[in-house]
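Two forms, one protein chain; structure tokens for each follow separately as structure 1 and structure 2.
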Structure 1
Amino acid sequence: MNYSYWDDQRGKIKSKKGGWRVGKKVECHGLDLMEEVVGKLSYMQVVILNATGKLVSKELAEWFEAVHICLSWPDPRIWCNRIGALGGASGASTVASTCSGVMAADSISYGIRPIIQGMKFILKAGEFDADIEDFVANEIKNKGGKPHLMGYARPVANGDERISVLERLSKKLGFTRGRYLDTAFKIESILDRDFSESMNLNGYVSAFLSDQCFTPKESYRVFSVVLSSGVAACSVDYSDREKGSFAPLRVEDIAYSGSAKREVIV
């Protein structure tokens, strides 16, 4: 019988996370949510706990929260925020608009998902510490000679204002620079010297969290709604205005380049 595993799950829930014991307590990773968590742990500690099973210090949770703030820009030109604004202007609910923007950020190139590749990159780079010049040269060669390394060379702008802010906060919270952040800054030096390119937020966060022994999968899970606040801001900005007020396009604003007029042959 090949389906015994599913039979074993049928009609039951086997949680590794916790649950609600009606009239008794709510368990969350072994903690009593009402008695031991509310008012004692920060919301971000609980977010990380639920996403990874790791109960981290309030300092590390504060650092995670800062990353969320760093990605809460209320600028609807940013693609995921744009979706929020379009939702607001279309009369879609704030929840639907925000969730849609968050889903858009589940992108292989930008937003949330690149943290996986960013961490894989820096974990690999960390193995080449003594030969980091050779490692970077080889990676660039594999990218056709362009410095498009995951975690570096941000789109739209060169440089990233968020890194110095997070560095300052890291020191304030008592974190010291570890092996992977060291490697990340060495790579940045090489890219700055040869291409005038720098590390981006993904590169910094990837290296910091590698130093904190988070895995790529854990980090992706913690950051699953990291952009939500900026998207929500853009949604509500347009939801109380005249419908269709965000990025309205006249017919003439679309350049059609397809087939000429033709008739359906029945």
Structure 2
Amino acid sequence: MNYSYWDDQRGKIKSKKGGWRVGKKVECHGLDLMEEVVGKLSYMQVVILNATGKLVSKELAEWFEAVHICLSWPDPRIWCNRIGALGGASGASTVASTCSGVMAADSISYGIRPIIQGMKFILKAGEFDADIEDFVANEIKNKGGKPHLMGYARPVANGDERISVLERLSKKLGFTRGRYLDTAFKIESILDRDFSESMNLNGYVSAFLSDQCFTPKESYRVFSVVLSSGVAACSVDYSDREKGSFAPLRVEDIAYSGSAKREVIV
């Protein structure tokens, strides 16, 4: 076996992102952190730069920030926030509780990872723009006749109030509807007509970012801690109360359906 690659890594730490030149400067993607970044770029611009290597405009960074706000609510009923609240109620640190909640949000169905499948879906749909009716019909057929397309419908509510907010912000920031977002709305029209279903936030964000030439992997990396604010809020909420105050249960609250009570023979 050829170990030359690993031998080349021995005795040194390499970085394509940047580093600290002790006593001189801190480099971040070729920029001087103190002279060219601090006070000149927004925090979200730096988040995107570190995740993707792309230095985006302040307008696009503001759009990303808005999505972060739309996705992170301080509601302890949301599954990842429940973990933060439980951590706070059990005495865990805010950092431990928040990180645990964020890890739980790294799920396939809900949370952070659906952005990958959402973008793959709209990129595929964009290739069939002229035959979008046939494309949607075939996708629904593959789903057993149900309109369960990635980026459309919501499990609890009908419609997504966040899309109109982001649409207004996009226009305010100077963004126009591109090819993929146009395709996304065409799909929504078909699903609304045939199934009374609409686009969800994942579908909108996936299409918008595809128009901005972000890849699924890049988008996932930017959104890696998108839910942290809401989780932290729920952790803090319950850490300021008596321990065990989040969703306490009595024994009789549990519906036991196992074996009947029996004696233990010693």
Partner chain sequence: MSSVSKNVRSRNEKFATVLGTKITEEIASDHNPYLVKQVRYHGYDQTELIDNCEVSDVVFLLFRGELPNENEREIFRRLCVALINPGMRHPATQASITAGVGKTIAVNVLPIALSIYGGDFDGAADVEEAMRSFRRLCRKTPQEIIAAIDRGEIENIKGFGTLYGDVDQYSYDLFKNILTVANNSKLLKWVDELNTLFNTKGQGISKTGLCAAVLAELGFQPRQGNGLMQLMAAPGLLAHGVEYANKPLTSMLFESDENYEINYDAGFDHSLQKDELDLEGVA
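Residue positions are counted from 1 along structure 1's sequence. Because the structure is a prediction, the values reported are computed rather than measured. What we label the rigid core is the largest C-alpha set whose atoms superpose within 1.5 Å from one form to the other.
- Two forms of the same chain are shown on their own. Structure 2 is the form predicted alone.
- Taking the rigid core as fixed, one finds a CA shift for G23 smaller than 2 Å between structure 1 and structure 2.
- On the core-superposed pair, the CA position of Y256 changes by 3.1 Å between structure 1 and structure 2.
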